[in-house]
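First, one chain by itself in structure tokens, the form predicted alone.
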């Protein structure tokens, strides 16, 4: 079953707050990097993984899932950004142990800011693919993850692509080796596997993450940036604004699992935020407006 939504009911979200700032940040921080990567070998999907390097054993799981993809038309951009307690040398050593062909898919960058949003913007600036997807070290992917996006774009090029992802609770297991083991605590939770229009603030906007692929035109041509000052909500804001101009194509195919860990905050809450691209007051105002739009959508779909 497929769910298709090509309408743009939201309009362009809060352009008066973000457009001028986006243009300034894009030109000063990212335009040169984009230009350097244009014309080089391209692919269908750029996979951006932003990490502080705190959990290399979990990142290894995500990379193993990428090695097992049936569709290998992708690149990996690993952005290591400054946090507390990370170890980028361990990450680099882990990458060096991968097979030669897989290593060639990976490019490593270091983000100077401590914001996950800034790390994702850097990843998009470096991207050479037609689409981009964002992963964390907590994502496990089924072998048809890339293939699902590739099939979706055949008749919906330029639209945001969305498939379903499950949630599952995991727990660490103490180990005598350098890396801890892990085990599942609960069965997969499919509560987020619903059409985007029926999701709202109360559902934590779990439609973001591994189930979403964005057309790179949003970044390269329209200069849509992740808001670097509103933390984990940056992906929500990006999805809503992007949907307003590109539309969204959804499929009910399940493509992966996002792990949460007993006793830990979610991955997007763990990352520190050191520098905002918008003043604090404007960031709060933007989030309030996002919440208002989402609640309006839910009321309109009852």
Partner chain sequence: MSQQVSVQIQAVLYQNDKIELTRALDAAKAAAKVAWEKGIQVSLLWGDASPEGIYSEEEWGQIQRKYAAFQKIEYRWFGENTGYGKGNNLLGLNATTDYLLVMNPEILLSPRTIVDLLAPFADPQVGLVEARQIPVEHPKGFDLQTKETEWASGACFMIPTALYQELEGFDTETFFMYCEDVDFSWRVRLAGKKLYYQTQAGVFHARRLSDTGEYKPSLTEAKYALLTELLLSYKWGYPEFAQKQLQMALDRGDFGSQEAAEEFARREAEGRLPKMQDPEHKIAKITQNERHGGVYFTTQRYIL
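Residue numbers count along the first chain shown, from 1. Everything numeric here is computed off the predicted structure, so don't read it as measured data.
Another form exists, predicted in complex with the partner chain; not displayed. Remarks below refer to it.
- prompt: Check 239, 247 and 251: does every one of them have a heavy atom within 4.5 Å of the partner chain in the model of the complex?
  reply: Not a single residue of the candidate spot has a heavy atom within 4.5 Å of the partner chain in the model of the complex.
message: Taking 4.5 angstroms as the heavy atom distance cut-off, pick the stretch from 209-217, 124-132, 154-162, 141-149 that is near the partner chain in the model of the complex.
response: Of the stretches listed, the one contacting the partner is 141-149.
field: Partner proximity in the model of the complex: residue 265 to the partner chain, non-hydrogen atom cutoff 4.5 Å
entry: Answer no; every heavy atom of residue 265 is more than 4.5 Å from the partner chain in the model of the complex.
query: Does the 4.5 Å heavy atom contact test between residue 90 and the partner chain in the model of the complex come out positive?
result: It does not: once the partner chain is placed as it appears in the model of the complex, residue 90 has no heavy atom within 4.5 Å of it.
message: Considering non-hydrogen atoms and a 4.5 Å limit, does the partner chain approach residue 109 in the model of the complex?
response: No, residue 109 is distant from the partner.
query: Using heavy atoms and a 4.5 Å limit, would one call residue 179 a contact residue for the partner chain in the model of the complex?
result: Yes, residue 179 is a contact residue.
task: Using heavy atoms only and a 4.5 Å cut-off, determine which of 37, 260, 42, 69 is in contact with the partner chain in the model of the complex.
output: Answer to the contact question: 69.
message: Could you pull out the residues of 23-41 that have any heavy atom within 4.5 Å of the partner chain in the model of the complex?
response: Heavy-atom contacts within 4.5 Å come from no residue here.
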